[in-house]
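Just one chain is shown here, as structure tokens, and it is the form predicted alone.
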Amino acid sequence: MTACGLDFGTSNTTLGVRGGDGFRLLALDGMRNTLPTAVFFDFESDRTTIGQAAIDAYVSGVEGRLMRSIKSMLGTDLIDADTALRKGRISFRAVIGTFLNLVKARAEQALGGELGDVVVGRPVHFVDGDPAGDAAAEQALGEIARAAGFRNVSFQFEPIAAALDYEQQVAGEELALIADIGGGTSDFSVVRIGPARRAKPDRAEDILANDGIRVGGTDFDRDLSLATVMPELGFGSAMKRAGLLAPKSIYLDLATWSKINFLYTAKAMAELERLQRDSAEPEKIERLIGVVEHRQGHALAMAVERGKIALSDHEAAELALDWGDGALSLPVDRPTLNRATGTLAARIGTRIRDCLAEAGVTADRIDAVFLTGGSTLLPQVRAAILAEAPGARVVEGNIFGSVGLGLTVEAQRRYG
């Protein structure tokens, strides 16, 4: 059996092993070693698909149920709840278990052998300010991983894993600030790294501080959606009764990846129909009903995500939106993104300051800032990070692979 490192991410998943050519990530999605964390229950063929194929099936109109951001259910009450499929119901634990089972099977096929022990990445905090909830989330993920067939399951903080990956390339000793901004959380570590430290059996004294916050790329998607798309569907619109606005909770669910499916119920549809009757702008609520009736919630979220990504490189972009009964091209620009998500970026900066303070170091002592995670590509996020260590060298990690590679380094150290 081969030991491995598993980065089960909110948006993407990787799995790595050590081979004759060093540490490597296995191909999990065709030839790609980065697998979108998505599950699609195909009602037409009664099959379950994961990764890009799951997203493609949904986009192509196959009847079924798409689930993304399933990791974000850890640390919430949803992990012990269930949801409806075409035939019966399935627990969210089982959804995550189905995904990990299929990931393990794909990895073993790519490896040509069996996987046994695993080091799984985890955020510094699954839940902000709730140690008991945090411990429960780790316990649940460990139980799910063992049920998926992994033998010994242990955990490592994701930013520490990224530090272990970075350490493989440094020529001298450094004090590094690691910033891992993923789909669901932002995590930070202050770590001493260097060639002479790699072989140490215990790295506890090298880790000066770990901290994190439950803010990630999906939160930026949500806030951008609330600022641009949701007003077209009635968010913030007036009701007939003076002084009342359309309920915010509906739009929060529709703008949040892990909650979109909650609107696809008869009860939710009845609530939307009542909302339309009471609305002073019923045409917008009619458009909202069309989105829900045609189950276009994930399509809207994907359009917002694509727009957010486009704004990483461009000052303006177009959101191509499908309302289910009509399409709209909605312009969006970087200032809009910055206004919508400024509070999130500021919270990331504040947490880095807290991490440096916990480490007992000033910003001028940081030699390098190592960046990994897709959301580090957002200019506003990057600026918030680098402002906290302005004199440090900036090192670009493998955006989607550094954590998985570092977990693989740790798996080799723990299990051989």
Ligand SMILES: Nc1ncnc2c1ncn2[C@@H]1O[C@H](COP(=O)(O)OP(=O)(O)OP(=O)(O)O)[C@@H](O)[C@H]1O
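The first residue of the shown sequence is 1; numbering continues from there. All values reported here derive from a predicted model rather than from experimental measurement.
Just so you know, the form predicted together with this ligand exists too; it's not on screen, but the next bit is about it.
Here is the short version: of T341, T218, S258, S279, the single residue with a heavy atom within 4.5 Å of this ligand in the predicted bound form is T218. The listed set A384, V39, V369, L378 contains one residue whose heavy atoms approach this ligand in the predicted bound form to within 4.5 Å, identified as L378. Shown alone, this chain has one stretch from 145 to 153, 267 to 275, 308 to 316, 96 to 104 that lies within 4.5 Å of this ligand in the predicted bound form by heavy atoms: 308 to 316.
For G51, no non-hydrogen atom is located within 4.5 Å of this ligand in the predicted bound form, even though that partner is not displayed. Not displayed here, this ligand is approached by I399 to within 4.5 Å at the level of heavy atoms in the predicted bound form. Within 4.5 Å of any heavy atom of this ligand in the predicted bound form lies no heavy atom of T408. In the predicted bound form, this ligand stays beyond 4.5 Å of every heavy atom belonging to G16. Although this ligand is not shown here, in the predicted bound form the stretch 69 to 92 places heavy atoms of just one residue, K71, within 4.5 Å of it.
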